[in-house]
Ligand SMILES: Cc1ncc(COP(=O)(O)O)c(C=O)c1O
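One chain comes next, on its own, written out as C-alpha cells in the form predicted on its own.
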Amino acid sequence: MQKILKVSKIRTFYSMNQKQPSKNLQLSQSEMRALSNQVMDLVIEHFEDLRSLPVVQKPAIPLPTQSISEGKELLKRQREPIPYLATDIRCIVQQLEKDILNQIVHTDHPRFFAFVPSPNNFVSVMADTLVSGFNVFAGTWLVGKGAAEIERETIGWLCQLCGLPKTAGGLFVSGGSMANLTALATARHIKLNDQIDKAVVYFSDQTHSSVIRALKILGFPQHQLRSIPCDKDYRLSMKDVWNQVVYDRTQGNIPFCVIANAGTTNTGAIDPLADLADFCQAENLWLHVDGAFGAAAILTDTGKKKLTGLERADSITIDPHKWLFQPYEIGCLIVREQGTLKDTFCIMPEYLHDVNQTTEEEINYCNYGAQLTRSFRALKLWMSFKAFGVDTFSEAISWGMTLAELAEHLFQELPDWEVVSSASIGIVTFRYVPTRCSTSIDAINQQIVNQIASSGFAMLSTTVLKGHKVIRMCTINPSTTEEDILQTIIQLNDIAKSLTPSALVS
C-alpha cells in the first residue's frame, strides 16, 4: 500500500507541475495530408519544369555580374530570430520555395555540365521519403534486419557488376569522400596494423582531394605521401610508381598502398588498373581504386574494356549519387574481402551486447564502418535498379559517353578552339585560343565560363591541366540531348567571339 501511495504522489506531482506537450511535435492527419500535397506538388513541378528553368539562378553563386546588393538582400531574408512560437507550416513551405529553392544551382539540369552533375530520379526520391518517414535505423540487424538485407543484396549486385569474388562485400556511406576514408583506414589496419611510421602511399597528381584529406585525417604526414606526376594522358605512370617504390624501400620506408583512379574528376582518365593490380600483387601492396565517378561505367561494354583490372582491386569507391543517378547522400565502398572491414571497425561496448548476439547469416553494418547510427541509404538504389532495370542504367551511362564524344567532335570543327583532353567516360576538356590575342588566354576562358553561367542557359567549370586553365564539360545527365550540347557550344563560341575583339593585337 505504501508503494502505491508513493506512485500516486509522484503522479499527482507531475500532473500539477508538468503539462504534456499539446501537439507532441506531431500534425493531425488532415495537416499531414495537406503538407504532403504541398511538398509533393513542388517536387513534381521540379521534375516536370526543370528543363525550362535557368541552370543558375542569381544569386545562387557568386559571379562577377552579381551585385553586392543582391547577395546582401538574400542574407537579410534568410537570417531570422529564433522561432520560439509556431508558424503556419504552409507559410514555411512558401518561404522555402521563395527564398531557398530558387537560390540553388540545379545540378540535375540537362545543361549542368560543371564538376560532376547529379541527375537523380523520382523513384529514389520516393525511397528517401519512405526512409525518412519510417525513420529506418540501418546500423544493426536487431533493429533493422530488413534494411540490412536490402543493403547486403544491393552491395552484392555492385560487387558482381565489378567482377569481385564471393568473399567481397561493403557498405553504403555518405559519399565518395567517406568511402575513400573508410577504404584507406582499412588498408592502414590490414597492411600496417595501424602503425604508420615510415609507411608510404602512392597516387597520381590527378587524384581527388578527398584522398589527401582522408590520409591527413588518418595521421599520415605530407612527407609520407607520394603524388606522382601523371603521363601525357593524365594517367598514373607505372614506371614512375615502380621507381618510387624501389627508392623508398632503399630508404627504409614501408610502401603499403597504391591509389588508382577510375575516372579522374579533371579529365575522366583511368589509370592502368590491370598493370597496377599485377604490380601491387607482386609487391604486396593494397590497391584502392577511387571510382567515385567512373566505376559506374562498368555497366557498359565500353566501360568494361576501359576498366579492365577493376575486379582485382582490394577496395573500390563508387558514388551512386553521381553516375548511378541517385539523390545526394549515397556513396559506396566495396572490398575484396568483406571481413577486412569488420576487422578494422568492429568494437564491442557493453551497451551493444544484445545487438552483437547475431549468427553468421546476420550482419550489423555498424561493425563495418565509422557510423553506428546510419540511415537506410541502400533503399533508393535498390528500388531504382528494380524499377528501371540495370540495362536502363547502362543505356543512360553509354549516352553520357556519347555526348562527350559529340562535344569533342564539335569543338574540333570550330576555329580558335582546341581540345585539351579527348572525351573519356563522359568528360571532355577544351579551351579558346584565339591568335594574336593580347589578353591572358586563361582569363578569357574563365570569362567564358562565368558569362554562360550568368546567362542561366548552361553551367560548365574550369580546371588546370599542364599549367593552363581549360574548360571542362561533364555530360552524364541522361536527359541531356544532342541539341543541348550543340546550343551550349554555340553560346560558348558566341561569348568567346564577343570577348576577344578588344583583346586582339592589331
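The first residue of the sequence shown is number 1, and the count goes up from there. As the structure is a prediction and not an experimental result, all values here were calculated from the model.
From this point on, the text means the form predicted together with the ligand, which you will not see here.
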{"item": "Candidate stretches 289 to 297, 154 to 162, 106 to 114, 135 to 143, one within 4.5 Å of the ligand in the predicted complex by heavy atom", "value": "289 to 297"}
{"item": "Proximity of Lys322 to the ligand in the predicted complex, heavy atoms at 4.5 Å", "value": "yes"}
{"item": "Heavy atom of Gly169 within 4.5 Å of the ligand in the predicted complex", "value": "no"}
{"item": "Contact flag, His208 vs the ligand in the predicted complex, heavy atom cut 4.5 Å", "value": "yes"}
{"item": "Contact flag, Pro272 vs the ligand in the predicted complex, heavy atom cut 4.5 Å", "value": "no"}
{"item": "Option touching the ligand, based on a heavy atom within 4.5 Å in the predicted complex, out of Asn356, Asn253, Gln244, Ser177", "value": "Ser177"}
{"item": "Listed residue that, although the ligand is not shown, lies within 4.5 Å of it in the predicted complex (heavy atoms), from Ser384, Ser421, Thr182, Thr265", "value": "Thr265"}
